[in-house]
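In the form predicted alone, a lone chain appears below as structure tokens.
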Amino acid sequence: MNDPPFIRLYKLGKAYQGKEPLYQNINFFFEKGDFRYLTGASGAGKTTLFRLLLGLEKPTWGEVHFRGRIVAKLPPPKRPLHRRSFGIIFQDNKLLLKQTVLQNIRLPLIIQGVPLRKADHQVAQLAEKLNLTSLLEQPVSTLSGGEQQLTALARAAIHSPAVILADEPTANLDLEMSARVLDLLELFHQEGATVIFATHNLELLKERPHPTLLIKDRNFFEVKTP
């Protein structure tokens, strides 16, 4: 028997009350191990797609499937477990500014019940890989914007998620730091994560080509890297 598609959008549509639909009747697959850019005009529905994948919102029409299960129909006790399959990087990083880099990165592990000593060991290993070791005891509020985003990336990846959703993570970074963030996402991809990277940064797409999905005219289009 064939395995079900890793991520399947089946006749998917999403609309908010009083507004035109963001998209309608979308049929699309994301394969395990994909690295895809997700692009489109502001308000096209990139962040909404991430929220649908996480089960934070429900489709207006159709279904989102993850590993063969319909996300919107997961019973409440299984929704937190579903979300553990994902690591999320936000444009505004959503870090706890008064806590240290270490405390922020290990938070997903603590939520999952990993013992503190083991969690700290995992953080130390990842921080060494990302060149963040010297920052671990610093409050996040003292970091540069780029260092904060690297911390957010580490927090998203610390529990080895199956999927990393990156929502405009380089929007507020310079080219050098943007390249570093992408280096790390490509590293996690090489280690087995599926990466969906929402971005408006055309220079990034040109310099680091990956399959690109454009949201336009209420539909999804596979396009060539510009």
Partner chain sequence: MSRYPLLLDRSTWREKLPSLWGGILTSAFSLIIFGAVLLLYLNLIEVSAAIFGQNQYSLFLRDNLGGKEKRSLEKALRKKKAQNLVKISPEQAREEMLQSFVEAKSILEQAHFKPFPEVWEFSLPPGPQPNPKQLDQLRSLAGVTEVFSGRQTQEELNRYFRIARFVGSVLLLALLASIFILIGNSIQLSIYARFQEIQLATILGATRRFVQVPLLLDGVFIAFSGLALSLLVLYLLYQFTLAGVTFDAPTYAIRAHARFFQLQELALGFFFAFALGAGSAQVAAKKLLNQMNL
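Note that the structure is predicted; figures quoted are calculated from it, not measured. Residue numbers count along the first chain shown, from 1.
What comes next is about the form predicted in complex with its partner chain, which does not appear here.
Student: Can you pick out, from 187, 171, 56, 177, the residue that has a heavy atom within 4.5 Å of its partner chain in the predicted complex?
Tutor: None of the other options qualify; the answer is 56.
Student: Can you tell me if residue 122 lies within 4.5 angstroms of its partner chain in the predicted complex, counting non-hydrogen atoms only?
Tutor: Flag for residue 122 set to no.
Student: At the 4.5 Å heavy atom threshold, is residue 99 in contact with its partner chain in the predicted complex?
Tutor: Contact check for residue 99: yes, within 4.5 Å of its partner chain in the predicted complex.
Student: Looking at the partner-bound form in the predicted complex, is residue 143 within 4.5 Å of its partner chain by any heavy atom?
Tutor: No, residue 143 stays farther than 4.5 Å from its partner chain in the predicted complex.
Student: Does its partner chain get within 4.5 angstroms of any non-hydrogen atom of residue 148 in the predicted complex?
Tutor: Residue 148: no, not in contact with its partner chain in the predicted complex.
Student: Of 122 to 130, 67 to 75, 135 to 143, 84 to 92, which is the one stretch near its partner chain in the predicted complex, taking non-hydrogen atoms within 4.5 angstroms as near?
Tutor: The contacting stretch is 84 to 92.
Student: Since the partner is left out here, which residues of 95 to 116 would have a heavy atom within 4.5 Å of its partner chain in the predicted complex?
Tutor: 96, 97, 98, 99, 103, 106, 107, 108, 110, 111, 116, in sequence order.
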